[in-house]
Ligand SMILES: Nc1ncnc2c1ncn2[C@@H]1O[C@H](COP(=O)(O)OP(=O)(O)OP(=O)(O)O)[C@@H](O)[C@H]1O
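Take a look at this single chain, the form predicted alone, given in C-alpha cells.
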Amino acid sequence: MTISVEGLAALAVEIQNGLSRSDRFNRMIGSIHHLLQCDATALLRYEAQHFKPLATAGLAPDVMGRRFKIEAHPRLEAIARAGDVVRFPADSDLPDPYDGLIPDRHELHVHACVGLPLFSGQNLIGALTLDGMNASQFDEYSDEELRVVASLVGSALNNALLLEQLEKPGYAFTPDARQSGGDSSEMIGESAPMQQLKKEITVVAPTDLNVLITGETGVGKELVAQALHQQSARAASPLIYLNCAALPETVAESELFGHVKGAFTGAVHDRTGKFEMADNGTLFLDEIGELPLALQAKLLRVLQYGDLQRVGEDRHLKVDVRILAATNRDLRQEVADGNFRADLYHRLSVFPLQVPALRERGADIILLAGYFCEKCRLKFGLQHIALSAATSNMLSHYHWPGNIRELEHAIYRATIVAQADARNGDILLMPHHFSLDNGAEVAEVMPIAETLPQQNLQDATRDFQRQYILRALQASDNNWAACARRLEMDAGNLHRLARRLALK
C-alpha cells in the first residue's frame, strides 16, 4: 500500500489548518498516525543535543515527559545525523527508545521503525518517528513518499514554533529563542496550574521586580528561580544561590555581605559576599523565612538603597542585584507572629508566585514519572524503564506529601528494587516495587489495589476508562468538549478513545 496523493493533500490541509490551534502538535501527529497506519508515532523537537516529545500517538503517556539525549539513544542519534529517511531493519541490534512504551502490547520490543529528520533550511529542528509491531509494516512506503511527509511536517513544525514564539509577549521573543532549549531549568508539566505558573514567569521574568516564590517543600521552587533568571535581561550574569536555613547566625552576615581581613577571629583574608558575587545578576535566597531578624534589617537596607558594607569595613559598596526569594512558610503569618519584618516582606513580594503541589497537577505526575525514568535509565546504564498500567494508575492517585522530590526518589528506589527481577536491562516498574508513606506499600494506600478483579489487566483498564469517562461526561452535562477539558485531554483524542471504548 502506497500513500495516495489524496492522502498527502488531506494531510497538508489538516496540518496547515491546525497551526493556529493550541493543540496543533496533537492534530499534526494524529493525522500522520492515521495516514501511515502506525502503532506508535512521535513528533520530537530537537534542542541542545536532546529530542523532546511534542506530541505522540499510540505511546504511553509518560513518554511526553521524557527527554531523550541523542548520545544515549543510538537510533535517535542515527536519525539526527542522517539527513534523510532512516529505516531500521527488524533485526537491528540498536535499542529502540520506545521499547516497552506501547500500551496494550505483550511484546516488549518494537519491530518496525522509521525515522524522518525534520529541517528548517540546513538546521535540524526535530524528527518524526514511525513505529510498528509488524516487521514489514512500512516496507510499501517509498522513500520519496516519506520525504514528502517529512517536508510537510518539517515546514509545519517550523511555522508552529514561530507561532509559539509570537504568541508570547513581545519582550520574550528573540530570533534565536528556539535554539536555547535543553537547559536544566525546564519545568515538566502541562496541567492548568503549571500553564498559569509558566505564563506568570514569562510576564515577570523580563522585569527587574523582586519575586517571592512560595510553595510546599519539594515542589520545585529552585527551578522557578532558574527559569526567572534565564528569561531575564540578566541571564548572561550569574545566578547566585544561598540557602538561608543552612546559615549559622555567626557567619550569615559575612555570607551575604562579605568581610575584610581581621574583621573577626578566623577572618584571615578578604571574603566576597553573595551580594557582590551577584552584582548585575540575580541572588536567589532560598528558605528566606529562616533569616534572623537582625539580618533582615540589613537585607532591607540593601534592597532600599542598593549599597552594602562588608563586615569590618566602613566603605559602602554599590550593587545592582535582583532578588528572588523562596519559602515554604506562610510569611504573612510570620509577620503577624513577629518572626518576619513586614517592610521586608512587602519589598520581597512585589510579584508573588505560588508553585502548585504535585497532587494538584493531575496528569503531570505521569509526565514527571517518565522524565525521572529516563534520568534513572541513564544513571544506572539500563536498556529501558517502563511503567506498568497499574503503576501509572497508582502513582496518579497517590497524594505525594513530599511532592516532586518524593516522586523522584520513589522512581529511583523502585528501579533499584526492580533490577533484581530484570532481564537484559529491561525494567518494568510494577506496584510492588514501590514503598511510600514511611515504608507502607503503595498497594496498601491505594483502594483500587485492595481487591483484584477476575479479569486481565487490559480489560480491567478499559472498564475503568469507560466508567471514568462516563462519570466525567455526566458531570459535564453530556458535553464532550467540556468533558475533555475536565479530563485535561485533547478533544480529538477523547473522541477516538470513546469510540474505541464503544462509548460513541
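Residue indices: 1-based, along the sequence shown. Just so it is clear, the model here is predicted, and its values are computed rather than measured.
One more form of this protein exists, namely the form predicted in complex with this ligand; it is left out here, but the text below deals with it.
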Of the listed stretches (82-90, 231-239, 343-351, 402-410), which one has a non-hydrogen atom within 4.5 Å of this ligand in the model of the complex?
402-410
Within 4.5 Å, heavy atoms only, which of 365, 219, 118, 212 is in contact with this ligand in the model of the complex?
219
The one option of 383, 328, 309, 415 with any heavy atom within 4.5 Å of this ligand in the model of the complex is 328
Distance check, residue 319 to this ligand in the model of the complex, heavy atom within 4.5 Å
no
Hey, in the model of the complex, does residue 361 get a heavy atom within 4.5 angstroms of this ligand?
yes
In the model of the complex, does residue 194 have a heavy atom within 4.5 Å of this ligand?
yes
Is residue 200 close to this ligand in the model of the complex, meaning a heavy atom pair under 4.5 Å apart or at it?
no
In sequence order, the residues of 369-388 that place a heavy atom within 4.5 Å of this ligand in the model of the complex are 371, 372
